[in-house]
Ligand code: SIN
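Below you will find one chain, with nothing else, as structure tokens; this is the form predicted on its own, and questions on how it binds or moves follow later.
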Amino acid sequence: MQVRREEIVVLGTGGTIAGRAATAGDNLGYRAAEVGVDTLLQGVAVPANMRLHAEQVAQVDSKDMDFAIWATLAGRCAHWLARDEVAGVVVTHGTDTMEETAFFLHCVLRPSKPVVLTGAMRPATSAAPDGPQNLADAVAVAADPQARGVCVAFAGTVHGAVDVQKVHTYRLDAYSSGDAGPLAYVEEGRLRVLRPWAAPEVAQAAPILPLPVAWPRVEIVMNHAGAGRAVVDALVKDGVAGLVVAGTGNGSLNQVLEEGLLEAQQQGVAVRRASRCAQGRVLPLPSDRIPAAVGLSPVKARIALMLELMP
């Protein structure tokens, strides 16, 4: 007998979508993470034969997202995804680190059901808030049998967790999938799929749960004109386990910075080379002395390396 999947679980973590400002015309001077997820769901359209269940996992500005919240969130997602009646999970989240949380959940959960992150660029008190429509779209994606895995639904567009990046500081359509392109569009509650949902570059055999208590320390440094090695040397001295370097162009590094990273590598620090470019990917060469984080932005390469170094 086939079990009816008729429930969408919405996990709240705070962010601008839950923010409040003193006036309706203020879209900048608000306090994030003040409105509960139950309140955010009031008036949100629910697909036919579906019901919503809300749970407040955290209440933070996403610039303050941390490992403890990630671990809790992953655990709650796994709990709900395992229930037969749950069709999918929606996570309300701040926009600053949404791409990092999406990629983290993608790596540790590898879900077949959809986990859809969404948020807003304007607070809930705005004269024209974007959160309600984004949340309604995310619920529609989570309820759609075509959807699977972790994605971001924002401004009517669905982005895969591996490709999504925040590319604008202010406009409502703040996310892009770069040259990979979006997965789908949400049009009046319906999903128009553009390309396959899978993201094979970081495929894993199984979820990485439960997570260990100790998280390896991985930091990001950047190459730029005149970049030195002092930051690298200081981080190595301070006991860092891994380093991701945001190189220029195809992950290129100036000589001084590269020497520092190579010495760090010789001392047992894991080093990966990404690019600070918003689009494209680092294409490795046989002569490379520092491994490339192929297909990943610096912040996502950091998460991948952190998970790789976990005991």
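Residues carry their position along the shown sequence, with the first being 1. Note that the structure is a prediction, hence the values are computed from the model and not measured.
There is another form of this protein, the form predicted in complex with ligand SIN, and it is not shown here; the text below is about that form.
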**Message:** Going by heavy atom distances of 4.5 angstroms or less, which of 88, 160, 131, 94 would be at the interface with ligand SIN in the predicted bound form?
**Reply:** 94
**Item:** The unique member of 142, 135, 150, 121 whose heavy atoms fall within 4.5 Å of ligand SIN in the predicted bound form
**Value:** 121
**Message:** Within 4.5 Å, heavy atoms only, one stretch in 245 to 253, 34 to 42, 272 to 280, 59 to 67 touches ligand SIN in the predicted bound form. Which?
**Reply:** 59 to 67
**Message:** Check residue 16 for me: does it contact ligand SIN in the predicted bound form (non-hydrogen atoms, 4.5 angstroms)?
**Reply:** yes
**Asked** Would residue 229 count as touching ligand SIN in the predicted bound form under a 4.5 Å heavy atom rule?
**Response** no
**Any non-hydrogen atom of residue 106 within 4.5 angstroms of ligand SIN in the predicted bound form** = no
**Prompt:** Is there a heavy atom of residue 166 lying 4.5 Å or less from a heavy atom of ligand SIN in the predicted bound form?
**Reply:** yes
